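Have a look below at one chain only, the form predicted alone, in structure tokens format.
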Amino acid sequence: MIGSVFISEYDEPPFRMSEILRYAGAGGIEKEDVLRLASECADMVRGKLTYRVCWREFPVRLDGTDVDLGFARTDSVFLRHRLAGCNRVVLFAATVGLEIDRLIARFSAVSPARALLLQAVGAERIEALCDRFCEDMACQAASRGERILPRFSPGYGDLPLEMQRDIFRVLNCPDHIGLTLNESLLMSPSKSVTAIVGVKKEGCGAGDDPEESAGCDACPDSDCPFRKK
């Protein structure tokens, strides 16, 4: 499988209203008008997004203070710690398409509250897609007596955002899933993610070690406003 780019398409994952409210900064608010507006925004995109992932496997090697990912090298301490014990990585790019961007642009001038909640819906949608993909990778790894570790993206911790160029080069994201990268390293569609997932021997699933927790617990950015308590 190493060397080939694969494309996966998914049905729409269930909407998680608690996550939408968290991304909107309204996790502790239960006012009916906020919940109603969030539900309306979710309904606007329901059935209108595309859930697509392209991915590829690479061997990984820890070389002195560097991490050799097969497609790039980095001296990221965070990534080195994350990939300890791994013999390969799954590199992936995921997007939910342009429709959510169009809706955000449409409502930004006429309804800032609705635009904010649409941003939150978009964030929840791309995270739901990444979770679904990683669940598939975890099942595949388990069948081989392996497990995957939580995903890690350029721009988090000390992993430079500039690695996006290497990722787009080896995955050919524009041709495979319609995802582009501009000179400022911004992706379009905006509700998209690129990430590295370590694969290691023994165990199954995503792992239960405290240092291998997923989601916000695994992110080194302790000042992020979206970090879960």
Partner chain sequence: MKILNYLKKHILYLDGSMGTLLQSAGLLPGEYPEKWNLSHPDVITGIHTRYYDAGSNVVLTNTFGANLLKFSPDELEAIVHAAVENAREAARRSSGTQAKWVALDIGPTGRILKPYGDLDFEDAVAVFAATVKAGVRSGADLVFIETMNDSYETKAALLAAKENCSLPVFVSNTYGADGRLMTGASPAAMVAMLEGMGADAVGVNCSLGPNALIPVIEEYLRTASVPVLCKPNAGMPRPQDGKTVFDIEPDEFSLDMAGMISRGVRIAGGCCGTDPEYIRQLVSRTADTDPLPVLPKNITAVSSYTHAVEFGSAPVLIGERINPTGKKLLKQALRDHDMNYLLEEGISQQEQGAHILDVNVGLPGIDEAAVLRDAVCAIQAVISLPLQIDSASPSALASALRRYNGKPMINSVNGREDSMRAVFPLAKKYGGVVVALTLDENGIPATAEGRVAIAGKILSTARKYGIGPKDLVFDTLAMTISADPGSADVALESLRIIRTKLGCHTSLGISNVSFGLPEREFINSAFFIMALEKGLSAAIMNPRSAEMMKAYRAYMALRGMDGDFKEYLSFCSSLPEPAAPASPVRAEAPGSPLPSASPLQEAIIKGLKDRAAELAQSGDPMEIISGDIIPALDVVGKGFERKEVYLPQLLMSAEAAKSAFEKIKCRMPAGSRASVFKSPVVIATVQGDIHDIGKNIVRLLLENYGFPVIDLGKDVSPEAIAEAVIEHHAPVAGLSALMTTTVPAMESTIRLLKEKAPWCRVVVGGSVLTKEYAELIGADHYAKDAMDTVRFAEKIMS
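Numbering follows the first chain given and starts at 1. Predicted model, so just to flag it, every value in this text is computed and none were measured.
One more form of this protein, predicted in complex with the partner chain, exists but is not displayed; see below.
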Q.
So in the predicted complex, is the partner chain close enough to N87 to count as touching (4.5 Å, heavy atoms)?
A. no
Q: Examine R169 and determine whether its closest non-hydrogen atom to the partner chain in the predicted complex is within 4.5 angstroms.
A: yes
Q.
Please determine whether D101 contacts the partner chain in the predicted complex, using a 4.5 Å cut-off between heavy atoms.
A. yes
Q. Is P174 a contact residue for the partner chain in the predicted complex, using a 4.5 Å heavy atom cut-off?
A. yes
Q: Could you tell me which of 145-153, 106-114, 125-133, 72-80 sits within 4.5 Å of the partner chain in the predicted complex, going by non-hydrogen atoms?
A: 106-114
Q.
Considering non-hydrogen atoms and a 4.5 Å limit, which listed residue (L37, A195, V45, V60) is close to the partner chain in the predicted complex?
A. L37
Q) Along 48-71, which positions have a non-hydrogen atom within 4.5 Å of the partner chain in the predicted complex? A) T50, R52, R56
